[in-house]
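First, one chain by itself in C-alpha cells, the form predicted alone.
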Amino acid sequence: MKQTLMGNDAIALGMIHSNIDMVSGYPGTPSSEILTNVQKLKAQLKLDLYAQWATNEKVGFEVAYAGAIAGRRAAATMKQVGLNVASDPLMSAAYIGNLGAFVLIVADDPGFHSSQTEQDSRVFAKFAKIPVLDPATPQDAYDFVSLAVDISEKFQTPTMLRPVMRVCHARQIVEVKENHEFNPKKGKFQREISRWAAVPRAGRLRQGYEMIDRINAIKEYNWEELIKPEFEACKGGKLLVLTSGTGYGFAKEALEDLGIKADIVKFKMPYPLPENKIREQFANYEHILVVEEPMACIEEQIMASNVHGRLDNTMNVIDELQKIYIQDALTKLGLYKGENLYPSIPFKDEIPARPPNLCPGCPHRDVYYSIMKVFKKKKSIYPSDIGCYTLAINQEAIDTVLCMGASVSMASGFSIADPEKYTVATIGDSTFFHGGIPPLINAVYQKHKFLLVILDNSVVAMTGRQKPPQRQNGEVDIVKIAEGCGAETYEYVYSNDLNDTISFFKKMKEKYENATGPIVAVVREFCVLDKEVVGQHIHGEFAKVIAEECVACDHCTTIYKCPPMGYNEEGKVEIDPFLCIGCGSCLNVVCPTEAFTVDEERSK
C-alpha cells in the first residue's frame, strides 16, 4: 500500500508496523513530529502502547531502555544535541545490551538550521560501539525502523536510526505494510544482576569484551546482508563513490548532471563497517570519494591512500551537503574540467534578511523589555537558555546561550566572576524541567546570588507546542519546585499593562539587593500560538500611531521590537494591521511621546 508520508511520519508508522510499544523522548527540531505522530496513530488506531514526552532526553532514553531490558520493543526519540544529554545511559547501555529491541532515533541537523551545533550522531554511535542506520529517504526511514528492530534483537544491542533534517521533513510516496495487526511483546523482567547491574571491574570488563565481539559480528552481518550485494553490482573504473544517507541522492544527481560515470555504494549501516573487505574493493578503482554529512564517519573507518573526502579537504568540511561541493571535489581530483553547473546567482529582487523575532503579542517581549528597563543593559549580565525566548537576543536582552539549563549554572558562575553586576537569568518552563533544577539546587546550597526568571507559558512552543509536565495536571508546579530547591521564590501573573510588569521587576530588584542567594521569579504567561488558551488573554485591543506625536526616536523599533512596527514613507512609525494581533501591550510605556493609542475602529 502506498502513502504520501513525511520522513518523521514514516518513522512513526514504521514503529507501529514493527510492533514497538514503548516510545519516549524529548522534542527538538527536526525530530519532534516522530513521537507526536506515534501519539496520533495510537489515538486513531486505538493501540495499547506507551508514547509520552519525558522531561529530558536522558530520562526518555532510560524509560524506553528499561522496557527493552524487560523484553518489550522500545524506542527513544531526540535531536542530535539531545543525544549529548542522553549519552550517559547510552554508553552503559552499549555494554549491557537489551532483550527486546531498543531503537534510538536521533535526528541530525547538518547546516545548523535549528541547532546550536552541527553534530554527527553516526560518530556518537561509533564512540559507543553500537550499530547505526542512515536513511536517505522517507522510504528508507520507514524500512530502516524494521531493520533496526531486527538488528537490535538479533545482537541484543541498542541500535541507532539517524535521519537528517532533509529526511525528517521530506515527503515521498512510501510503500508501507497493509492491514498490519499490532502485536507487541509482553514485558517480563528477569533478574540477572551480573548483567543488568554489573559494576566495575569484573562485570563491566566482561561486558566490554562481549561488546567488542558483538560489534565485530555486526560488521560481518553488515557485509553479508547489506554491503556485499552493493559491490557485486559494481563494474570498476576510475571512480568509486561511497556514501550513506542523503549523500546518496546528492552524489547520484551530481554525477548525472556532470556526465561522470562512477560506481556508487550506499551504506545503509555506516557503522560498523567491515573495513578490510571494503578496502579489498579499492584495487578496482583509481579514486575513492566519500560523500557523507556532516562528519567523516565512513572515511575514518576505511582510510587509504586513494580515499578522498572531508579529511583531506576534497569535500566540504562543514555545512550541509550541496551538489556544488561534489563538483568541486571532482574538479580537485581531475575528474571534471567542465563549466560550473551550480553557480550562485543572487536573486535580483531578494527580500532583505530579517533578524529572528518574537511573535507579535508574545509576553516574553514585555518581560524582557521590563527586565532591561529595570536592571539596565550595562549594569547587568543576562544568561539565557534554549527555547523560543532565545529570540529576545534581537532585543539585546540576552548575553549568553550555551545549552539546556546552562542559564542557571552560568548565572552562578557570573555571580562569582563579576559580583558588581546584577545577574538576571531567564529560562522557559520546559527547559527548567529539562536541565534547570540541578543547577538551581547547586546555586541555593552554595549561595550564588542572582535572579532566575522562569518564563512559564506552559507549552514547548518552539518545537510544536508539546505539553510540559505542569500542563498535564496540577501535580507538578514550578513555584513549589523552586521553593523545594530552597530558593526564595516569587510569582507574577502576566499582565499586558507594561506598568505592572515593570513594577514587579522593580520589586525583584529590591529583593535582589538584600538577597544572600538566588531568588526565583516564576512568570505565569501564555503562548500566542496556543489556541487552547490564547483567547483568554488577547482581548482585541489594537493600536495605532498618532503621526503628529511620533518623533521617530526609534525606541519602539529598536528596543521593544514588535514585528508590526515599522516606518512609513513619511518617516513616521505605523502599525501593520496584518501583523498586529490586538494584545494592546504597546499602549503603555513603550512610546516616550505617547504616540500609540487605541485604534477604536479595529478594537470594536
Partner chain sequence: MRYQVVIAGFGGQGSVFLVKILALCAGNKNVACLGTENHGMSQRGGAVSCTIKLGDYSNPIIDPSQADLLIGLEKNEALRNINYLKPSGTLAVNAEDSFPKDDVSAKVIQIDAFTKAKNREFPIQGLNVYMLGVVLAKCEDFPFTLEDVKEALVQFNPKVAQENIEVLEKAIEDIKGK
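Residue numbers count along the first chain shown, from 1. Small disclaimer: the values here were computed from a predicted structure and weren't measured.
The same protein also exists as the form predicted in complex with its partner chain; that form is not shown, yet it is the one meant from here on.
- Here is the short version: of G486, G71, G249, G111, the single residue with a heavy atom within 4.5 Å of its partner chain in the predicted bound form is G249.
- Interface residue among R166, K126, H448, R214 relative to its partner chain in the predicted bound form, by the heavy atom within 4.5 Å criterion: R166.
- Note on the interface: of 343-351, 399-407, 155-163, 491-499, the segment with non-hydrogen atoms within 4.5 angstroms of its partner chain in the predicted bound form is 343-351.
- Contact between S146 and its partner chain in the predicted bound form is not found at the 4.5 Å heavy atom cutoff.
- For the chain shown alone, L255 is not a contact residue for its partner chain in the predicted bound form, no non-hydrogen atom being within 4.5 angstroms.
- Its partner chain in the predicted bound form comes within 4.5 Å of no heavy atom belonging to T597.
- Shown alone here, R171 lies within 4.5 Å of its partner chain in the predicted bound form, counting heavy atoms only.
- Judged against its partner chain in the predicted bound form with a 4.5 angstroms heavy atom cut-off, the residues P419, C553 and T557 are out of contact without exception.
- In the predicted bound form, the residues of 459-492 lying within 4.5 Å of its partner chain by at least one heavy atom are, in order, A461, M462.
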